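Just the one chain here, the form predicted on its own, laid out as structure tokens.
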Amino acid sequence: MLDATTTAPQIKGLYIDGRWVPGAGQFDDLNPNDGSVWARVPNAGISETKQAIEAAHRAFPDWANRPFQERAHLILKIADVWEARAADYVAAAQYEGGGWYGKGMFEAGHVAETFRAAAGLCYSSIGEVLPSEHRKVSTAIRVSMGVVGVISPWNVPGILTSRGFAFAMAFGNTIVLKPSEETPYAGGLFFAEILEEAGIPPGVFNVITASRERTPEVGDELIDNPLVKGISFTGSTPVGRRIAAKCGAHLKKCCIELGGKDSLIVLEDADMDRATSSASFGAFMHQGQICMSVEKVLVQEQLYPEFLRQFVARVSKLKTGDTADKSNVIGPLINDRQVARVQAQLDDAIAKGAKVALGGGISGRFVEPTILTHVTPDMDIWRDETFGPVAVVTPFKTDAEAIAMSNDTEYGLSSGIITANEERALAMAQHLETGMCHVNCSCINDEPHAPFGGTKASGVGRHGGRWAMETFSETRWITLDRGGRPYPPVF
């Protein structure tokens, strides 16, 4: 167990077929707060990836055919072990992921519930009985697929990794997990420790870690290998497009959850405290490095001046700094490439006339919470995902104008509406091109049993509850002919 002041876990190796094995060398796992080496992590290649896939393939028949309640009990055990080691995850989320202590605590609780929701899925219906014109007993059932490859991201490694495999594994699939090279422990090897302690059978769950340089070859093997029947990917839209295309070429199922350019719409009858807090949490939680982050705050013009004043006042209280200090809510961006991306969008917007209402400063990987006004559609920051602590605040006149402004992006993940009129909000929600919409709440929402996913360039497929079963299973039609249906006499 990690002490809260310790920044280096014991890395045991890759986790393949229930054993810890070395990789083909190691790579540096950095603390984004100061750039120091947090850990040295095994560097897998094609050979190790094939070993993990083959182990999962061998383990599949036994795991899929185990009584459903046995799988459920084991997955409930994972939740118990995870909770017992929650402090270890929080430390990793702070030092490896650069996250605020409170964000790590939230993740730790959510992950345990993800496994419990997945265990509950084992007891749900797996099919239905259909009518038959020939008096057959006609059934449509769901069956597990086989090996599922999971490629998880760095920004919320606990939640986004667990939901990527928990439901698929509960339903009888076996897993090969490749976490992000930015968080290989919190998003990968830590899970291997948890599942090993929980007693998951060898080969059912495998973890391979790889450096940025080796990630393309490892990812290609995971997607192209014919033993892998499905892919779960959470990450950037450009990478997700390539993965979905490769899966399509192989006629392989995939669940692809990508980026967002999410709007919070604040109507003139909104409760101001709720509106500003929803915007602050939505835009600046984990430095805006969440796919559901509020990147555009659209405020009805009657409310706009006062909203902006109170929003600036609220956000100005957020502290920025090294996340070893629990009071620092705004930590570093994950790497220098991400900082450059945010800087480029800010420079473009300001050059084209945007005004900085708050923040705008950048020191190393630390970007101040920033609020921009006077942003126009010709600016990159209007349509492109920022993935940083920047909120655009823009006035609108009518509901139709707010809907059009929200939809003015290739993304379609989440949205929020703050209003006292729920009927009005539900009417607006019907026209928002997002997979999710939350009334009187931030865009950032997730519950393990609910359908999570987006439209347009935000992805394909759904995580959570029975929707995850549909994603990570195949449908079979099975009939029993009890009526003796005759064939044509010629036969």
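Position 1 is the first residue in the sequence shown; the rest follow in order. These numbers come from a predicted model, not from an experiment.
Omitted here: the form predicted together with a small molecule. The next part is about that form.
The small molecule in the model of the complex is not approached by G416, whose heavy atoms all lie more than 4.5 angstroms from it. Contact check for P226: no non-hydrogen atom falls within 4.5 Å of the small molecule in the model of the complex. E107 falls outside the set of residues with a heavy atom inside 4.5 Å of the small molecule in the model of the complex. Although the partner is absent from this view, V111 stays clear of the small molecule in the model of the complex, with no non-hydrogen atom inside 4.5 angstroms. With the partner removed from view, the residue among Y95, F233, F205, F115 that has a non-hydrogen atom within 4.5 Å of the small molecule in the model of the complex turns out to be F233. Comment: the small molecule is not present in this chain, but in the model of the complex one of A79, L121, I243, V342 has a heavy atom within 4.5 Å of it, namely I243. Only one of 272 to 280, 365 to 373, 176 to 184, 135 to 143 places residue heavy atoms within 4.5 angstroms of the small molecule in the model of the complex, namely 176 to 184.
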